[in-house]
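Just the one chain here, the form predicted on its own, laid out as structure tokens.
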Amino acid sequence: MKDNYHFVAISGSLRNKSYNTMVLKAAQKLAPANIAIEQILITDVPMYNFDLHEKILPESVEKISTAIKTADALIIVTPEYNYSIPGALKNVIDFLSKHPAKPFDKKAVGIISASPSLLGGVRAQYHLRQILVAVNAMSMNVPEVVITEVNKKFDENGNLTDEKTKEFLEKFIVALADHSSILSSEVLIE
């Protein structure tokens, strides 16, 4: 295992007071001292269109690609929209799938879903796992973090108050570091 890790994280929601972004912020606070989690924003990514990348990719896509490629792991926190992931998140993945640097290739990815529903976005998480297979991302299988009734787990200032959720997030972050280390050692062996 490495001494220090740098993760990047994407919230699949564009909403200003998104619970998924609150979960991402909580993960940043709960991360051990040796794991830094940097949020990358997807708000500036235009709608995918082959004409936009025929010669050069948009700058916003280049920044996200570089951030993912150079990170030890990627965390995606997503809500569920109509049994799937939000269009904005799918759009970013579509753009990055065409990037010559292949930022997702063999990248350790941890997925979190959060929803006010009793299912916690589990269908979106399952769908996201299917999508990530197409870009050869190495999604961590366990622990799964599916946050149900997320609207009851934060205070009015956006602070996570639910102790069980905090425990899950802490275990998830450490497990993702382990997952990243295993994948890094396998790449070095090749």
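The model shown is predicted, which means the values in this text are computed figures rather than measured ones. Numbers follow the displayed sequence, beginning with 1.
From this point on, the text means the form predicted in complex with a further copy of the same chain, which you will not see here.
Picking from 28 to 36, 125 to 133, 144 to 152, 58 to 66 the stretch near a further copy of the same chain in the predicted complex, with a 4.5 Å limit on heavy atoms, gives 125 to 133.
The candidate spot formed by R15, M47 and N91 lies fully in contact with a further copy of the same chain in the predicted complex, as each residue has a heavy atom within 4.5 Å of it. When a further copy of the same chain is considered in the predicted complex, S117 lies well away from it, no heavy atom lying within 4.5 Å. Under a 4.5 angstroms non-hydrogen atom cutoff, a further copy of the same chain in the predicted complex has P86 among its neighbouring residues. When contacts are judged by a 4.5 Å heavy atom cut-off, E163 does not count as touching a further copy of the same chain in the predicted complex.
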